[in-house]
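Listed next as structure tokens is one chain, alone, in the form predicted on its own.
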């Protein structure tokens, strides 16, 4: 994301948190130059540190980063140090930590899935927090995953409701072909018959949704027989414990849980004179 667009997002977050000002800091703290040290309190994959840096630097605070996004960090590691007016650092502290905590939690969950998938592409979905999608998708990227669609206009994704309203799978695909040549067509199916129809009628990607590993294997083999360049995406109740059952017959594994169910990690900031 361009820096000025990122700053626009961050300013909205600041307004949400700051209100009319940090009254506690204004009443209790002399506005001197201080140092803030951000420390990890557990092991995780780091994300959000660059966004936190932009937040601080835009408000005149000096920043020193000790790790890059995507690095594994351990309990007790110093992630970054900031130096500037106490009033500014204290006012931005919680927002900066929230960014790192939430984004690192996602990156860590994604990395676990990526490691378990052993080379198969791991992608997230649009099951993101409204207003926070960029940050959650960026965290997926930092964790080694693929961001899938950022928005509805990125590609054509034909799902069950589209199929029902179009009057059937084949009709939905024919309508989808009217999109620009630059847009791939991804078709979600729930059985072998649907997979064959999608592959035979021009789908670029066939998403096998909530199918068993044996069903996926059968559909994958048939799809590749029809056209080898069709990508097979597998989705639905897949986690680090069963992903290896699917990856031999999948080009992509997608999961909404990577974003909507990732727990935040624990980090803290200590202020020093």
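Treat the numbers as computed from the prediction; the structure is a model and nothing was measured. Residue numbers count along the first chain shown, from 1.
Heads up, the form predicted together with a further copy of the same chain isn't pictured, but that's what we're talking about next.
**Q** Tell me which stretch of 226-234, 212-220, 63-71, 44-52 has a heavy atom within 4.5 angstroms of a further copy of the same chain in the model of the complex.
**A** Flagged stretch: 226-234.
**Q** Answer for residue 172 alone: is it within 4.5 Å of a further copy of the same chain in the model of the complex, judged on heavy atom distances?
**A** Yes, contact at 4.5 Å.
**Q** Taking a further copy of the same chain as it sits in the model of the complex, is residue 255 near enough to touch it, meaning that at least one heavy atom pair lies within 4.5 angstroms?
**A** No.
**Q** Residue 91 near a further copy of the same chain in the model of the complex, any heavy atom under 4.5 Å?
**A** Because a heavy atom of residue 91 falls inside 4.5 Å of a further copy of the same chain in the model of the complex, the answer is yes.
**Q** Since only the chain is shown here, I'm wondering whether residue 99 would be in contact with a further copy of the same chain in the model of the complex (any heavy atom pair within 4.5 Å).
**A** It does: once a further copy of the same chain is placed as it appears in the model of the complex, residue 99 has a heavy atom within 4.5 Å of it.
**Q** Taking a further copy of the same chain in the model of the complex, which residues of 1-33 have any heavy atom within 4.5 Å of it?
**A** Heavy-atom contacts within 4.5 Å come from 1, 2, 4, 5, 8, 11, 12, 13, 14, 15, 16, 17, 18, 19, 20, 21, 22, 23, 24, 25, 26, 27, 28, 29, 30, 32.
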